[in-house]
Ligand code: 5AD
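Form predicted alone, single chain, as structure tokens, below.
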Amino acid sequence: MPGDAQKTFYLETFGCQMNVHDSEKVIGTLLHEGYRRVEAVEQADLILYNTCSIRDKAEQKVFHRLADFKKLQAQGKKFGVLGCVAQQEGEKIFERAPHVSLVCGSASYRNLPQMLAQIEASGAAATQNLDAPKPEARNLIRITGLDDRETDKCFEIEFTARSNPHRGYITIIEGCDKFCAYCVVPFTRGKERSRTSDSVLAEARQMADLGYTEIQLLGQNVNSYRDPAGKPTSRKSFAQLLAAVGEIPGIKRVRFTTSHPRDFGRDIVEAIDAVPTLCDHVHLPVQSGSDRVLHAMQRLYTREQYLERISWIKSAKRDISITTDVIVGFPGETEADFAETLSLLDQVDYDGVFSFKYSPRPNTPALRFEDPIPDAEKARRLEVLMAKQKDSQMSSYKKYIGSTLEVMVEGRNEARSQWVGRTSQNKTLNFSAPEEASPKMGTYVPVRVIGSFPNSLLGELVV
């Protein structure tokens, strides 16, 4: 293994599953370069923050965190900001946090080994520069990895440090070409670029050989996947790739997220029906139930087109769970528009809704829109929507009482003497089990449902 085995790093991750998996690959890269991971920031030579810019004030949170640990610079520690905030803010990070040495967007992670070498070289030079007036001055270095959105490169490595021994992620497409009016992702993660189906399947087979039984395919718009290799007739569609991963020996469950309604085809539902290992769950963000708001958001579909896709899912042979994302208070959203979103919840009967108040994000088209909706009104609408969805889930989850579901065992809640599992529909099922029949982590067990709550089920292990 190259490098000095004494080098240490600390990595903190904010945001989505894409960021979590990116961090797994970054960690793998650092370990391969001779670094050792530590759990406390004070123990690290290199302190990294993998950031997300989706939520409001995300960049402020990053700068606050950097300010909290500025005092460690005098100890010779180096700091790096990775991910979406790094790409969004660029070299402005150096201005606001001069103790930062590395600013790197996700499209440049493939260049991390060279960047790490530069940081190490600067550290060695600083050690010799004993005439510098202050310790901070000896540590000053500026390294950037800020690719433009036109890059065709994906971040593929052979040494991902996966954090879960049973479930693993595979990124099949990076970037986004949709340019929704409120979303910063196309500007921070670049254009859509897909991996070859052969490389995805090779990674999935390797994971199966290592004992992984659940795989989740990832992408900002995962179903926008376009196989870039081979003849057009031999390239796999997203649905074909999904099915192929599900047919790999040893794989028991395959999930995917997040889908864009514009590229969601009936063939995806047909694949779920045909391949038992494909989980019966689809996350299909709608964002609004109003055509007028959808047009302003630049979502590229209408309510009717979205509901057509919902009809494909509901007509499947399997009982497919449907979850979604909703934004309330988008600029110009009227009370009538909001009412249309509430009516959509009634029409679809979602198993789960992730709902958010609109907040302006840098570089997005929506910044030009007038936003006359007071924050208090956005909060009210959010509360109304969440209460409605809670009532819906309280009612719909009751239908599972008395049924037996297969769950993957994920953890143990000692305080409640319960095991924690997840169903194929991505529902959390907490269950009890006799001590002599305690299940092992990562195994799949039958559980009889005896109770329900708005966001979870309660059960007993079937022995």
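All values derive from a computational prediction rather than experimental measurement. When you see a residue number, it is the position in the sequence shown, counting from 1.
Another form, the form predicted in complex with 5'-deoxyadenosine, is not on view; read the next lines as being about it.
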item	value
Residue 359, heavy atom within 4.5 angstroms of 5'-deoxyadenosine in the model of the complex	yes
4.5 Å heavy atom contact, residue 27 and 5'-deoxyadenosine in the model of the complex	no
4.5 angstroms heavy atom contact with 5'-deoxyadenosine in the model of the complex for residue 352	no
Partner proximity in the model of the complex: residue 408 to 5'-deoxyadenosine, non-hydrogen atom cutoff 4.5 Å	no
In the model of the complex, the one of 331, 246, 285, 145 near 5'-deoxyadenosine [non-hydrogen atom within 4.5 angstroms]	285
Heavy atom within 4.5 Å of 5'-deoxyadenosine in the model of the complex - the one residue of 383, 325, 156, 308 that qualifies	325
Stretch from 194-202, 67-75, 334-342, 285-293 whose residues place a heavy atom within 4.5 Å of 5'-deoxyadenosine in the model of the complex	285-293
Contact set, 364-400 vs 5'-deoxyadenosine in the model of the complex - heavy atom within 4.5 angstroms	none
